[in-house]
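Next up is one chain by itself, shown in structure tokens, the form predicted alone.
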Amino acid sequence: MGQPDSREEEPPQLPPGQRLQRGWPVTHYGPVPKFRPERWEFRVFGATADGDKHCWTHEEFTSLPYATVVADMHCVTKFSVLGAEWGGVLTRTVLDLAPPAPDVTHVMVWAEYGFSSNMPLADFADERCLFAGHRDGELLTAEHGFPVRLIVPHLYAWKGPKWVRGIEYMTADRRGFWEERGYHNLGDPWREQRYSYQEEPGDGPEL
């Protein structure tokens, strides 16, 4: 009989300061919005290539090409959820259908109650970034962002708001809700960019 394998399974790699979370805690600011499908609309506006606003009803948006991405989620409150399968509409699909103007550098993600989060266009256009309506094959709950939340796997989770309603194309950076309230303008978990006092020159607009 052979000797048992003494090698231990390697622990998952986590960004600095993060801890592995087995469940999926609910974290958000403010109340959970009530979903009214007949009034729901997804908008792309600002510096679009054609100068027009682009809109989808809920039925139209959920009929766009469906994709899945297996990705981790790193919350700035220091928990990480690993290996979830997110299903929805790739941000690249929206960029193809409603292209930005050539001079667009950033986007502002708008959600219910006026919540917003900014990021460079390159982060938004990442191939693993998507508007998720499903996790592990199941519809998101309202508490976790149904009908649409943005998943940006390489940034802290606050950069991907719940209850997304639109995208604004911008030709200059502008801070979003949490970025105006002391969170880092860029939010890279691997560089532990949690708070604005950690910012270096060029990381974002002045507070």
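One rule holds for the numbers: they count along the sequence shown, beginning at 1. All of these numbers come straight from a predicted model, not from anything done at the bench.
Heads up, the form predicted in complex with a small molecule isn't pictured, but that's what we're talking about next.
| said: I need to confirm a contact call. Of A101, L82, C75, L97, which residue comes within 4.5 Å of the small molecule in the predicted complex, counting heavy atoms only? | reply: Result of the distance check: C75.
| message | Just to be sure I understand the contacts: of T27, T171, T57, T68, which is the one whose heavy atoms reach within 4.5 angstroms of the small molecule in the predicted complex? | response | Result of the distance check: T27.
| message | Taking the small molecule in the predicted complex, would R128, P153 and W190 all count as contacting it (heavy atom within 4.5 Å)? | response | No: none of R128, P153 and W190 comes within 4.5 Å of the small molecule in the predicted complex.
| query | Closest heavy atom of R149 to the small molecule in the predicted complex, within 4.5 Å or not? | reply | Yes, R149 lies within 4.5 Å of the small molecule in the predicted complex.
| said: I'd like to know whether R175 contacts the small molecule in the predicted complex, with contact meaning heavy atoms within 4.5 angstroms. | reply: It does not: once the small molecule is placed as it appears in the predicted complex, R175 has no heavy atom within 4.5 Å of it.
| task | Give a yes/no on whether I167 approaches the small molecule to within 4.5 Å in the predicted complex, heavy atoms considered. | result | Outside the cut-off, so no.
| request: Would you check, heavy atoms only and a 4.5 Å threshold, whether F61 touches the small molecule in the predicted complex? | output: No.
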